[in-house]
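Here we start with a single chain on its own, the form predicted alone, put down as structure tokens.
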Amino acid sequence: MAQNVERIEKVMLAAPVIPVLVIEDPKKAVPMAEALVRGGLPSIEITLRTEGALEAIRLVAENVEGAIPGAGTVLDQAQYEAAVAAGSQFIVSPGATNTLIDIAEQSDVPLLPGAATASEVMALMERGYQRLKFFPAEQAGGASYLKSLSSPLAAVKFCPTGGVSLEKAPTYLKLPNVLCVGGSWIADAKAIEAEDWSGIEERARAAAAISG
């Protein structure tokens, strides 16, 4: 069973940037997501790095109209199933294993697996995957490296994540094999903790306006 390209592309093409979030307090998730949606960024990746992450996903899924909540840093079957049960509409992993791909094939919720090398990309292509996360983007070679993959691996499109900033995002988005980027600068932990919803909305608007 191949990747559901149509469903994952809906997530990737909703806006130029997918915010990547670390949320400690689930109570802040709804106003944060509302600010992101108002700013034009509906796809929201909440990473499973905190105890409150699943509850945050659930609250966004149930209460924020227009949001497309997803779970990031998903590493195994238990996390995948818990994220889906919480209301995730997409799943993101920093890498990929055969076990994780097997789990994804049994789910209606699409997986965006990570890859950082040509060999990793080719292995995922063998499993029917053509929409991937390029991670960690800056540390793995940045835009110039990703551009070098565009010709030999032309069927694959990426969401570069890791070290991507407002200044660097346009360079990635100009590449023929990039559909969107993932970024934590729009709503970092400090802004969420301070409940800086207006600032998050402003940064979301700037991100939504980025063009390649």
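One-based numbering along the sequence shown. This structure is a prediction, so every number in the text was calculated from the model and none was measured.
Heads up, the form predicted in complex with a small molecule isn't pictured, but that's what we're talking about next.
Although the small molecule is omitted here, in the model of the complex none of Leu112, Lys157 and Val181 has a heavy atom within 4.5 Å of it.
This chain appears without its partner; in the model of the complex, the one residue of Val164, Val37, Leu48, Leu59 with a heavy atom within 4.5 Å of the small molecule is Val164. Contact annotation: of the candidates Phe90, Tyr129, Phe135, Tyr80, the single residue with a non-hydrogen atom within 4.5 angstroms of the small molecule in the model of the complex is Phe135. Of the heavy atoms in Ala15, none are within 4.5 Å of the small molecule in the model of the complex. The small molecule in the model of the complex comes within 4.5 Å of no heavy atom belonging to Ile23. Segments offered: 28-36, 50-58, 183-191, 141-149. Contacting the small molecule in the model of the complex at heavy atom distances within 4.5 Å is 183-191.
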